[in-house]
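So this first bit is one chain, no partners, the form predicted alone, shown in structure tokens.
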């Protein structure tokens, strides 16, 4: 029998997860969003729109909590009467710990913490899941991991690694988009139309990502393979090395990690 997946808070991230599951198939899907219009595109994909968080809690086996962090406790309180030991809450609310989630559900069901990144919106997300709640049955844990693996790349992490994951992967799209913007801007400076430059840079990053996935070579070897002696590429790479691009990226991630720890304390 197919699992029923419910989502409370079907905004950008919750809606993206539900849309991805609808396209994957194999699940019965339902959801609730305070702004009912946000449910209409999901209904077109086969997601049943329910009338309250409690109704979703009563109907679903796995409950995705997609609300803002400050709303999590209040919404889980509304869901609490429908929660049983056979159900599992999966929260994508940033910064809401497993301990706080367990307290909010009053221990009625297992909880899982999930940290996605924004490429989940296009089915290319990287998801960190913390499944440390001892109340989670092994079979349900496997089902939850399979659910998110269907939407991108899913890694299981201890909760004490979540801030580091957020600094590296959660914030990672911002670093990548900044690099892309620099190359697009350079393309425009060289005389390409903005759309032309943007399309080429997008294809460049997509192709490089595929090369990394398919190759076992070290990244620096892949870089050096592009650099002919005395050629064009090495001239550009020398500037990046002198300006310390790699060090800047490392420092950016470490600064984000430090800020994340400050916010948790």
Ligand SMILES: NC(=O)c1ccc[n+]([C@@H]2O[C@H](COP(=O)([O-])OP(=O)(O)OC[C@H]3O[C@@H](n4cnc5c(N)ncnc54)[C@H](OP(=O)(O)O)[C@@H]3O)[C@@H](O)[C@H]2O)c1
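Residue numbers count along the first chain shown, from 1. Fair warning: this is a prediction, and the values are worked out from it, not measured in the lab.
Absent from the display: the form predicted in complex with the named molecule. The rest refers to it.
With respect to the named molecule in the predicted bound form, the three residues 8, 35 and 75 uniformly fall within 4.5 angstroms at the level of their nearest heavy atom.
Exactly one listed residue, out of 69, 207, 231, 236, brings a non-hydrogen atom to within 4.5 Å of the named molecule in the predicted bound form: 69. Proximity to the named molecule in the predicted bound form, defined as a heavy atom within 4.5 Å, holds among 155, 180, 98, 94 only for 94. Only one segment in the set 82-90, 146-154, 182-190, 110-118 has residues whose heavy atoms sit within 4.5 Å of the named molecule in the predicted bound form; it is 110-118. In the predicted bound form, the named molecule sits within 4.5 Å of a heavy atom of residue 13. In the predicted bound form, not one residue of 229-245 has a heavy atom within 4.5 Å of the named molecule.
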